[in-house]
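For reference, the chain that follows is the form predicted on its own, supplied as structure tokens.
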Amino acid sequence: MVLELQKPRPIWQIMFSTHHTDVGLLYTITSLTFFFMGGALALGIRAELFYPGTQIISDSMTFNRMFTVHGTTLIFLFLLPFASAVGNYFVPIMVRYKDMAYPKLNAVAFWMIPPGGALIWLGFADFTWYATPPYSAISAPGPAADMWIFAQKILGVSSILGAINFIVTILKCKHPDLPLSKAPLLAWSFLSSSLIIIVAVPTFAAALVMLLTDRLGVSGFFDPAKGGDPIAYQHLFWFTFHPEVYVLVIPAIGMMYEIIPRFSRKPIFSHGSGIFAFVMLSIVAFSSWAHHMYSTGMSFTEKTVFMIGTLAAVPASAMHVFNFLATMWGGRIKFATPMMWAVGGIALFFSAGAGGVANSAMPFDFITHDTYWVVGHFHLFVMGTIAFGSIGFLYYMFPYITGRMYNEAAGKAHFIMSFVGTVMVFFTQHVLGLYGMPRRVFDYMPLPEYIVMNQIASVGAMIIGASMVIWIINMIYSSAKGKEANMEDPWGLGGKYYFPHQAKNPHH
């Protein structure tokens, strides 16, 4: 594979390679770097909220900047690039092609991410990752806000280039003997999510141009003083970013489709229903964006339409969960580290999905809107499902990348601490929301219920942080000193699904 620590290559050879495994490695390292940077900001936020009043962050503006960069980093600089890392590594192998369809374009898409990340971190904008007007259009201080907007433009172009590459690679470059209906479900997950990107992202790109021209004073699309409508921005934003949630979760589900049959030592229960569910999710992803906007004055009929559209995602999501459970049923399951992360991700996916069903109900939404319930729901989905699937798959990729095995005990400790911490943080935030605590606040009333639950959430966050330290030490140490992996069957499972370690590494 790529890293080949037994035969190390100069770093510049990897950096300037256009081979899909090298680009996948660059995506992996970059996304994990941003994961730890964004996670550090989250720990700072939770430490500040441990007690009411000012603790370690000097003022509310700094707090706003921290959670803006935290959210932007983990969504756009960790989750999306990590999915691209997995896709670059495995999609060409799975469709039996020598590389991505456009290798140079693939490298260009990656190299747009570091400057995008630099703009976000150097600017440190303060208007949340929503950039909601009128504040973002009128008052948000520059150049931080402008740097954030330019960064989003760059990252959006990168996503579209990557999506085009995945679509062409899967549809046009797959081996003639491989029918599309027989392609692995991980490849199908990238095909589905790439189609969503192509449809959704240009809408937000247009919104960003309108926002920037508003800030420059040459237009007033979202400025009420000039006849603009801030609600219009929210429609454009959520038309992109509700489907974008599916862009994040669909590859994570695809990763679970690789792990669960492998460690259950059974074929997937129903390959066809997995494909159908991916296609359904790609369609219904666009039918629910306005459920974020029940409280903005929509008519009852419009709200009802989008409530039904939101619920339409439930059967497709349930189909995936049923597939996972039916695959495990009767299997000879080996709970190695990747399998533990995948099973934990399924459990939390179910929990987050149940919260999503509750959110789709109009009366409940009016109670929980802009409270910590929403924070808990979204983070349970992102951390509990998407990050769990991604981290589990990184353990799965580890021997194929390095030729060595990670420390299994440390991997399991990482999972257990992360699972406990995730439940403590995000389940508690659901309850905080029901008690009425608003989100995005620097300080809160010194009510006993608020204090206790914020402290439980903060302790949970610290447990997750400690588990991530174990993880990074395990990864670094095992890369150099870990036991050499049996590349034919690293976990002793028997059987073979495909042979990523046999992928050659031509440099071009």
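Values in this document were obtained by computation on a predicted structure and should not be read as measured data. All residue numbers refer to positions in the sequence shown, first residue = 1.
The form predicted together with a small molecule exists for this protein as well; it is not shown, and the discussion that follows is about that form.
The small molecule contact at residue 260 in the model of the complex, heavy atom, 4.5 Å: Residue 260: no contact with the small molecule in the model of the complex.
Residue 365: touches the small molecule in the model of the complex, heavy atom cutoff 4.5 angstroms: Yes, residue 365 lies within 4.5 Å of the small molecule in the model of the complex.
In the model of the complex, residue 339 touching the small molecule (heavy atom, 4.5 Å): Residue 339: no contact with the small molecule in the model of the complex.
The small molecule contact in the model of the complex: residue 292, any heavy atom under 4.5 Å: Flag for residue 292 set to yes.
Heavy atom within 4.5 Å of the small molecule in the model of the complex - residue from 240, 310, 428, 402: Of the listed residues, the single hit is 310.
The single option of 180, 357, 157, 173 touching the small molecule in the model of the complex, heavy atom within 4.5 Å: Going through each option in turn, the one that passes is 357.
4.5 Å heavy atom contact with the small molecule in the model of the complex for all of 129, 249 and 369: Yes, all three are in contact.
Location of the small molecule contact in the model of the complex, chosen stretch of 110 to 118, 201 to 209, 357 to 365, 185 to 193 [non-hydrogen atom, 4.5 Å]: It is the stretch 357 to 365.
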